[in-house]
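Before any questions on how it binds or moves, here is one chain, the form predicted alone, in structure tokens.
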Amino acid sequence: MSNTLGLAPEVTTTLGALFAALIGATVLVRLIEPDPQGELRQRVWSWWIMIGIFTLAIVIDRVASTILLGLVSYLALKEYLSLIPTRRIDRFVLLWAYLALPVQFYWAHTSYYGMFIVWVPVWMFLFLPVLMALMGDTKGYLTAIGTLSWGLMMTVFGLSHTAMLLGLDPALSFSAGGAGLLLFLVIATQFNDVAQFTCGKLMGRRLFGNRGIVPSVSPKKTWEGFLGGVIATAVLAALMGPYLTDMVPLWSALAGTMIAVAGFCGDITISAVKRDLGVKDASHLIPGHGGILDRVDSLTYAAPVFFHFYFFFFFYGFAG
């Protein structure tokens, strides 16, 4: 039974507990880390930003939710395109890349899986190179189309899976529905980010010495932090999965593990892009905290991985 906001009790209870935890974490971090620019404080702020955005996407109606999630994707794409080198002649092609975004989110909103799954990876992948070739300038062509296609996959196709989770709602039989699935994904992704950082700080390099995972890409990513974050996220997922979704604890833990690993992959992938380009943050949209792309880097991988895990094992019932 839903409440006056149209949300299931499981969703409203989880949101209430989540914001209470955020308030507590904010107070605690202010006590143990006085520096406003401290990493832990920035990560807690990331929680506020991300949870705030996705809470709005859950509590408003589905049309507005899709528009809001599409706006997040648009800002991520815009920041990405502002970072990469682009040719003046390709401005018309970039316009078509932007126009691909609302279409992708329309397929997600209408739950048209057949078009959703091929619009960017197939049709845009085939169309944009031809359009760019028709511009007549072959210098830098391969780099230009490669970076554009990859950016669309990450910021539009990857992030549009958040809207597709909500799009599944009419066909779901459990109380929390699509909102529960989206909440499960976002909480697990953001918790993993903080858990990996915290475990890395607490454990240092005790187990694996000075062997970082990818020191040339992200020097502070340690095996201790990574493994601690994965385990902590799996445990949290096992606890909240049966409440927010129709997954039993074991499958929820597996989903949490996949989200944690995928989130780490998204994080280091975007970090590699920024290091290659010699920038620290994708933009300064959020003062002191970078841009939207810096906040959703983990979701670019975690969202599609979780969606397809759930879609094939539970939506189609293969897990049963």
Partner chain sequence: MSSVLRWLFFALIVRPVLLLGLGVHVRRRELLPMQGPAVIVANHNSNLDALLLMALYPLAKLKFLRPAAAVDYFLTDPVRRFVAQRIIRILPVERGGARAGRDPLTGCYDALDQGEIVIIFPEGSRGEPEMLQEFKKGIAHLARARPGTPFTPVFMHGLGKAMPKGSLLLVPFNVDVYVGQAYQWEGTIQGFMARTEASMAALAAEGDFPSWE
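Predicted model, so just to flag it, every value in this text is computed and none were measured. Residue numbers count along the first chain shown, from 1.
FYI, the form predicted together with the partner chain isn't displayed, but the following is about it.
Answer option from 42, 257, 269, 283, heavy atom within 4.5 Å of the partner chain in the predicted bound form: Contact with the partner chain in the predicted bound form is made by 283 alone.
In the predicted bound form, the residue from 127, 174, 112, 92 that sits within 4.5 Å of the partner chain by heavy atoms: Partner contact (heavy atom, 4.5 Å) among the options: 92.
Out of the stretches listed (150-158, 178-186, 78-86, 192-200), which one is close to the partner chain in the predicted bound form, meaning heavy atoms within 4.5 Å? Contact criterion met by 78-86 only.
Heavy atom of each of 19, 48 and 249 within 4.5 Å of the partner chain in the predicted bound form: Judged in the predicted bound form, none of 19, 48 and 249 sits within 4.5 Å of the partner chain.
Should residue 98 be counted as a contact of the partner chain in the predicted bound form, where contact means heavy atoms within 4.5 Å? Yes.
Quick one: does residue 106 come within 4.5 Å of the partner chain in the predicted bound form, counting heavy atoms only? Residue 106 lies outside the contact set for the partner chain.
Please tell me whether any heavy atom belonging to residue 223 falls inside 4.5 Å of a heavy atom of the partner chain, as the geometry stands in the predicted bound form. Because no heavy atom of residue 223 falls inside 4.5 Å of the partner chain in the predicted bound form, the answer is no.
Determine whether any heavy atom of residue 278 comes within 4.5 Å of a heavy atom of the partner chain in the predicted bound form, and answer yes or no. Answer yes; at least one heavy atom of residue 278 falls within 4.5 Å of the partner chain in the predicted bound form.
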